[in-house]
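Only one chain is given next, in structure tokens, and it is the form predicted alone.
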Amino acid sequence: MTTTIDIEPLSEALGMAVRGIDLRETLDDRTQDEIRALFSKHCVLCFPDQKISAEDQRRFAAMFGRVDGAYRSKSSGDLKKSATRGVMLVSNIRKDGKPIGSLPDGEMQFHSDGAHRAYPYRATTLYGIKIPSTGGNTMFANLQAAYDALSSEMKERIETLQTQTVYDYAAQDRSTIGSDPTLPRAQHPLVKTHQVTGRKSLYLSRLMTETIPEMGHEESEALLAELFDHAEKPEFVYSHKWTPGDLVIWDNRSTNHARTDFPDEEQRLLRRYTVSDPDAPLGN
């Protein structure tokens, strides 16, 4: 039997809420195809009111590519030995004074998961478990709409440019970017073409894009600042206020995301799986 789903826009900028599906169940092929089509078109999908295990989340993520399965010691903290393989906890909860997961506190500027890799993550799934009473929203910026709104002169100027992207695990803003030459880096086209839809988007972020190698430092910084400000305009951004049971998946090829601050004294716990291109070499 084919599942009947209900959809509703999350915002004018991007995104769709998808209801009528229990992700504890294996979805039929037609429903999976419909969800993948919605994902490619709308960039962000939210499945509210889910009661899923880590394995359910892994199975869902596998609909979109190769599920990331490697342990990351800084991500799993004291739970490294007991956590299900592939699970990354995003949490400010501490055990014996140490975070149990990753990215624990405070605001984070816009970025794209895996942009520091030669083969960035195709998608990210995040499942809300414990949510603070205020703050801790995830904001999504539509980089396709941002590209479309550029002037023809700017589109021509940036069409063939490359960016260098860096990942600093401890960074939550741009203030320390470029300070450590040993951090992982990768170069990517500033204008990315989506492999499914063929739509063009900007591919840069305030937190991770370090420089445009073809340009001098001042020219690079000036152009990047202009494009950062443009990509983060309110008309391109949706702010997701989490509710426990939300499963959200977003397309790292066409969106950036950021996090708003939240009270230190309140707990925040989400579970993350990333999805890579099946053709990408393992570890890249």
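Just count from 1 along the sequence shown to find any residue number. Remember, predicted model here, so these are calculated numbers, not experimental data.
Not on display, but discussed next: the form predicted together with a small molecule.
Proximity to the small molecule in the predicted bound form, taken as a non-hydrogen atom within 4.5 angstroms, holds for one residue of Arg253, Arg259, His42, Arg58, which is Arg259. When you look in the predicted bound form, the only residue of Ala115, Leu190, Leu126, Val87 with a non-hydrogen atom within 4.5 Å of the small molecule is Leu126. Contact with the small molecule in the predicted bound form, judged as any non-hydrogen atom within 4.5 angstroms, is confined among 103 to 111, 155 to 163, 198 to 206, 180 to 188 to 103 to 111. Taking the partner from elsewhere, Thr211 is found to have every heavy atom lying beyond 4.5 Å of the small molecule in the predicted bound form.
Contact annotation for Thr138: at least one heavy atom lies within 4.5 Å of the small molecule in the predicted bound form.
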